[in-house]
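One chain is shown next in structure tokens, namely the form predicted on its own.
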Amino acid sequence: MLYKVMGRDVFKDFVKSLISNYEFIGPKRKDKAVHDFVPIKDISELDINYKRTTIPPAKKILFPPDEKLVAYEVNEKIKVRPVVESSEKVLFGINAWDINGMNFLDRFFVTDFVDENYLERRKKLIVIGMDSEPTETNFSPSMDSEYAKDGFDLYITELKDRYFIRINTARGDEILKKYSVTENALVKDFKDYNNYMDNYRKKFKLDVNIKDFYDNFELIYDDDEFWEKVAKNCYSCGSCNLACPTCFCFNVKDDIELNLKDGNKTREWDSCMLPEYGLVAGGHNFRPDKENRLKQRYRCKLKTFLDKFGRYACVGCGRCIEVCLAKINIADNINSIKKEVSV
């Protein structure tokens, strides 16, 4: 890791250069409450002072909601052609917890099976991170996700009169040298950065007792009364999955042309909270009730991948809390499991 500082007067020209030379994806205000990461053509469109995005930016770029995987032609011989669509992009302004969510997807899509579509996009994605204001539902410090150690090329932190930059890759170093003027970070810069991070972490107001969840979950797992209470108002709509930066479930379908010869296999996001998710041939459903589906979602997020990858499949962004029509709160539920066991 290299550490540099950039003057405030240089920052704007640096961003303009990136917009001019790359396909640039950054935060743009949609309305008073929400921003979205979209292609930026002019710096006036860019708003890095964002607080809330509904769809995680890295997820929708690397793992699109709908994408072609394979094109095929059925004649005397069957021809199959993989479809891998990717281009170099700059993802600018993504915060630490969304970078950590992307890091989880990086691990998932190359473990057990290497997903070439995801991998090609990831290789060509230049990631430049920046801190953003946490929402009231954000508990990322509890999940150790408010700070990104890796997964980015550059991470820019705004101090009072300058920017503190962490350089994580040779590509990031090259971009910085090509489009900006920086200086080596000195002791004072590190002190100011540490003070900034101390104050930044104080902005997160929601705390989750995740430490004891791993064992307590097993004790509460077969408590039907508890799960009926937690899932009572669930609509099984799947909004929590769609807004989650680490959810990876998908379905693959065949789209066949009217000539019955040409077609595509298409991947689209799926949700483990939908009643049809566990439905198989013969009408059997492995998870027919919402209580079981919600319980399994919590196991997946907070236990399964801790065993498999050594990290949670939850970064504490709080999006699922905000988008849930039934106001189901994963943070409250984690803490309530601790309370139930302690009674």
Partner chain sequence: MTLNVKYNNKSNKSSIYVPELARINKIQQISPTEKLFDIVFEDDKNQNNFNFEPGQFVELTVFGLGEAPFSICSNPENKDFFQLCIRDIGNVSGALHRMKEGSKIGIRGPYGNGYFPYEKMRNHNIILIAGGLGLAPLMSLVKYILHHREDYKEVMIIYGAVNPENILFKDDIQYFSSRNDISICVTVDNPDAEWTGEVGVCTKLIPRVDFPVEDTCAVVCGPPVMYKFVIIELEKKNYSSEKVFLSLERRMECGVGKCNHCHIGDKLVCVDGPVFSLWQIKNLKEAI
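Because the structure is predicted, anything quoted here is derived from the model rather than measured. Positions refer to the first chain, counted from 1.
If you look for the form predicted together with the partner chain, you will not find it shown, but the lines that follow are about it.
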- request: Would you mind picking out the stretch of 254 to 262, 133 to 141, 147 to 155, 192 to 200 that comes within 4.5 angstroms of the partner chain in the predicted complex, counting non-hydrogen atoms?
  value: 254 to 262
statement: As a check of understanding, the residue in D222, E85, D161, E174 with any heavy atom within 4.5 Å of the partner chain in the predicted complex should be identified as D222
- request: Only one of Y179, F204, F226, F250 comes within 4.5 Å of the partner chain in the predicted complex by heavy atoms, so just point that one out.
  value: F250
task: Would you check, heavy atoms only and a 4.5 Å threshold, whether R107 touches the partner chain in the predicted complex?
output: yes
- prompt: Hey, in the predicted complex, does C300 get a heavy atom within 4.5 angstroms of the partner chain?
  reply: yes
field: Residue contact check: Y277 to the partner chain in the predicted complex, 4.5 Å heavy atom
entry: yes
field: Contact label in the predicted complex: N103 to the partner chain, heavy atom within 4.5 Å
entry: no
- request: Between 113 to 136 and the partner chain in the predicted complex, list the residues on our side with a heavy atom within 4.5 Å.
  value: F113, V114, D115, E116, N117
